[in-house]
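Heads up, the chain shows up twice below as structure tokens, two forms, tagged structure 1 and structure 2.
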Structure 1
């Protein structure tokens, strides 16, 4: 896997009594936007907490920026930000006061103008800046949490379900913001979410976990290189010449024509996406629609969990 590694877990094990939360976990956090995917209880939040020194591993080594996550957690905490799924603030303070306090605790010298700019960036309603947090809606709290995570120009930001309390429109805005921050400020992200199509849209490195173990890691294309198949429905006119050409392709596992549509099981999605337009033009056909029965990430995720 070619990526600039900023964090690495090597055989990390964490037990809570009889429960094994992380079971020899190996993973790499790359520079860019990382997606952390796994079913409930996979150990995603435990892994995030471990990065901040809130948990000490029983075995293995966890490093971020080349520093030990338990021993050097103080330095790590000043270089990374986090938004936990469980949002907690000093509810008696206003949003701006909370941000001022956290900036002070982080040792960030953000003047008031910058703090306001940060709140504007996460699109927190300006009227809410001086209102007490206890009166905030779930979405407003989420935005404030995100602003808090971005305090002090962090190199890496961990986001645990960052869009869980937002409507689809605002979810898209937050994802757009993450992409912009990554491109313009070079901030890396590790996003843990169950909304896989969203992750697929913004992330360039995926970490799939289950039962405290790494299932797969890498870009979507890399993860598809295994024996998995993904189903596509292709609407083309005429169907038959395209079907004949497709049958001979190595990336195709299975093919059938149903209701004038091609139902294709694809072994290598990357190759299929490359070859399909060429074959369609070769057959002098026209493409109406290509629909994936499930998203790439969903397919990989399901397959990886099934294999595990």
Structure 2
């Protein structure tokens, strides 16, 4: 995997009594937007807590920015931010008062004008600055939590289920904001989420975990095995000439026509995506839609779990 590494776990093990939360975990956090994927109990939240030095590993090495996550936790916290899934605020404070308090506790020298700019950045309505947090909606609380995670101009922000409990519109806005912050501010993110299609939209590096172990990591294309198969539905007109050409492609495992649509099992997704437009053009056909039966990330994760 080729990337600028800003964090790395080497053979990290963490036990809670008889429970092994992390089992010889090896992973790399890259500059950019990282997606942390795994079922409940995979060890994702434990890994995030370990990054901040909130818990100490039983074995192995965990580093961020080249610093030891346990010994140098104070310095790491000054350079990183976090938004936990279960948000906790002082509900009797206003949004602005909450940020003032957290900035002071973090030792971040954010004057009032910068705090207001931070709230504008996360698109929290100005009318909410002086409103008590207990009157905030779920979307407003999420935005305030993101603003709090951005205090002190962090280099890396950890987001634990950042779009949970949000409606589709607010989920899309939060994801768009994450992308903007990465492109315009150069902030890297590690996002832990169960909503895989959302991660697929914004992340350029993925870390797949299960039972405290790494399954795979890298970009989507890097994690696909050439021998694995993924199913596509292709709506194209006319359908038969395209089907004839596709049957001769080495990346095609199986092909059938159902209700004037091509149902295709593909061995090499990258090659298929590269060849399909060329074949459609060669057949003088027009493409209406290409739909994966399951997302790329879902397909990779299922395959990785099956192999493990």
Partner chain sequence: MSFQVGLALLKAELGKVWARPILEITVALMSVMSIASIKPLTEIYGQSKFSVAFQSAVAESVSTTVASLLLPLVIMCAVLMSLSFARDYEQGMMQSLLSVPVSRKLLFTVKFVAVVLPLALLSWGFTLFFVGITFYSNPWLVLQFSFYALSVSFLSLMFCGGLGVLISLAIKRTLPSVLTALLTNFFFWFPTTINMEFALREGASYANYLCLTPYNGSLTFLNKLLNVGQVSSFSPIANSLQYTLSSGSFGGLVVFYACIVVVPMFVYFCRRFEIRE
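Since this is a predicted model, take the numbers as computed values, not measurements. Positions refer to the first chain, counted from 1. Note that the rigid core is defined as the largest set of C-alphas that superpose within 1.5 Å between two forms.
- Eyeball the pair and call it: which is the form predicted on its own? That would be structure 2.
- Query: Once the two forms are fit on the core, has residue 137 moved its CA by at least 2 Å between structure 1 and structure 2?
  - Reply: Yes, shifts by 2 Å or more.
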